[in-house]
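This text opens with one protein chain seen in two forms, each one given by itself as structure tokens under the names structure 1 and structure 2.
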Structure 1
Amino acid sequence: MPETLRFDSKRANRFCNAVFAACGCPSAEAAMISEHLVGANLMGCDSHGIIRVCQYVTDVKKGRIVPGAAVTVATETDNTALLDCGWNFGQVGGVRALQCAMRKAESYHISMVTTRRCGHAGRLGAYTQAAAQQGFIALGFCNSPPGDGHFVAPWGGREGRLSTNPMSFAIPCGTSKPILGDFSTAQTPEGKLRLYLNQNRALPPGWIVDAQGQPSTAPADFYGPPRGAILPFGGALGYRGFALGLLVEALGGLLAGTSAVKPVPGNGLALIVIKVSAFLPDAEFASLAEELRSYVKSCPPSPGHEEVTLPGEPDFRVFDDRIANGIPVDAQTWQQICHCAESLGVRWDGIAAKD
């Protein structure tokens, strides 16, 4: 096993802040990006955490991300908006979209905001979770045009036509943590296939087809050439995962005016935000949600499960652990991050250990 280091989340946040400030981000925006990345690590979603620092810095250097670009309103009504993010960081576009959607839902009960020309938006659940922590119900959808690779086949097909197109939702539960669903509509991310390939391991069945459309457990059959495809989520019922992937494409992409076919980078976000009190008093909803939580958690577990957990519950436990004990990062990834930070004149040991 590679060596794993642990880092205090607040210091990691300040470190990332310094990196993104050195990239040219205004301080409020550097903070949005840093909090998002460190927040992903805290919730156990390391693939969308500080491991992305190098990628983002490279994207800035290549002009694919434009730090500080104005996020402007392309179209707007009282309770909807399409934001043009000007190729600013996806987290900046995402936070602006969420702020806009919550402000509109506060006055107009249900709102929807989409984004175009938006960088990699990171952990989708961060946006719905933040809305639920303000008492809203939120749904999120995040597509990627083919610029970043259309790896996922339609149901019954053998070539990629969609990205892993995640969706998320969060339900506020009064003083308890929200119910937080956050998942891809594909059977696996491409990154996991790479890991299996590098480790020379067979894939679980049902993840991919080869270029002829035959089921395969060999990661090399995905990469080809000729390239295979990742299957939509759902196994024998994968037509449902495919349908959900199309829903994400329609809301995150088409409704923002983004072609599903033309190769552009970045993500398209769509957020729907619902004000609970348009339907019933917040306290009544919280009480019904608590009743549902208890009812579900009272279910005796199956063998191999210690208990029934609600969506998001395991992640909130990781959060508590990592706040207390730090964020684990493998030594190689850490070295890459530090190297990239140093290219911008930022050093970890130059970051204060305490506030």
Structure 2
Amino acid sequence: MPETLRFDSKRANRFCNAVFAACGCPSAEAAMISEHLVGANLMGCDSHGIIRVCQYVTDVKKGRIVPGAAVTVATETDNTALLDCGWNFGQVGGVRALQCAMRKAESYHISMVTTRRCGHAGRLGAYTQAAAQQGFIALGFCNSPPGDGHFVAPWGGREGRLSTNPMSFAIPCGTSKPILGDFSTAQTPEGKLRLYLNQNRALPPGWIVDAQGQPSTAPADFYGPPRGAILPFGGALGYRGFALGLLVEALGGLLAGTSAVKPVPGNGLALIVIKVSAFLPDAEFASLAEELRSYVKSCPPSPGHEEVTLPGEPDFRVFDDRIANGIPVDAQTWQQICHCAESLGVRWDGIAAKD
């Protein structure tokens, strides 16, 4: 088997859909989760793509995820809501939260929706991107309680006390692609360490420390035992990443009534959605955003760079390439996914044979 395989996104989507249907997901929710994972791979976010299939199936088998569970409104006002996701898949809770936030922002100009008892929500930028494509400015924050891994050491520490706590924003730009920022407040998401481990590659310096607090480039030193820790984003200025991680913890967890200490699973999402036309006409904002884009892009590139790239531009270019040439998956990860699917009676060759 070659070290790297490539898969057509539509086939990969059908395969994942079949896996989640075999887990007991209603058809619409299985499609929602599959599209999200494959979409993450298409955007180059492989750490949150189909590599998560095994994690999700294991969580279902352990009862940490409840397929088809109702997503209900715990509390709400005109422009805020707290959703109880019933331990359904995080993508189901995330999409419901986004739909709620956009609906409220449409009526009341700005909204904020948070979640609790929500599974792993996947690529955070998928939610802000979807809102921007509907003409909203959106901000997203996502925490994890200790049950799903406090991997990130606080500034000056050597043991995990926070999750990788990503944040995202998306700014609509009329008919152009949105400006899309999506990043961990740690040096790396844990899923990327998993990819490096599967691919037997050394990590870039400055990402992790081992259990003794010593810098390491070996993924196994993070996983242990004993476990190491991921460092906060920023290198020598990592106290800034640590500060942002605490902000995400407050918005994604504490505000939803989720303890930062109790070992529960899942993610806490917070989505803020802003209706542009509450401030000025959509067309005027789009013109100003395009003016900003052009002005920033006009900057002469420094040595070693071909151009100035805006947040999201590399991701959209990867999307175009992978739609045309397929999604790359390393052989080790693919074997793990196939083994997991076969435990549910789903085989890749059966899906591929349908073409």
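We call the rigid core whatever largest set of C-alpha positions still superposes within 1.5 Å between the two forms. All figures in this text were calculated on a predicted structure; none of them were measured in a lab. Structure 1 provides the reference sequence; residues are numbered from 1 along it.
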Next on the checklist: Tell me which of the two structures is the form predicted in complex with another copy of the chain, please.
Outcome noted: 1
Next on the checklist: For Gly213, does the CA position differ by 2 Å or more between the two structures when the superposition is done on the rigid core?
Outcome noted: yes
Next on the checklist: Please determine whether the C-alpha atom of Tyr196 is displaced by 2 Å or more between the two structures following superposition on the rigid core.
Outcome noted: yes
Item to check | Core fit, then Gly156 C-alpha moves 2 Å or more between the two structures | outcome: yes
Checklist outcome for this item: Superposed on rigid core, Gly224 CA travels between the two structures a distance in Å of 7.6
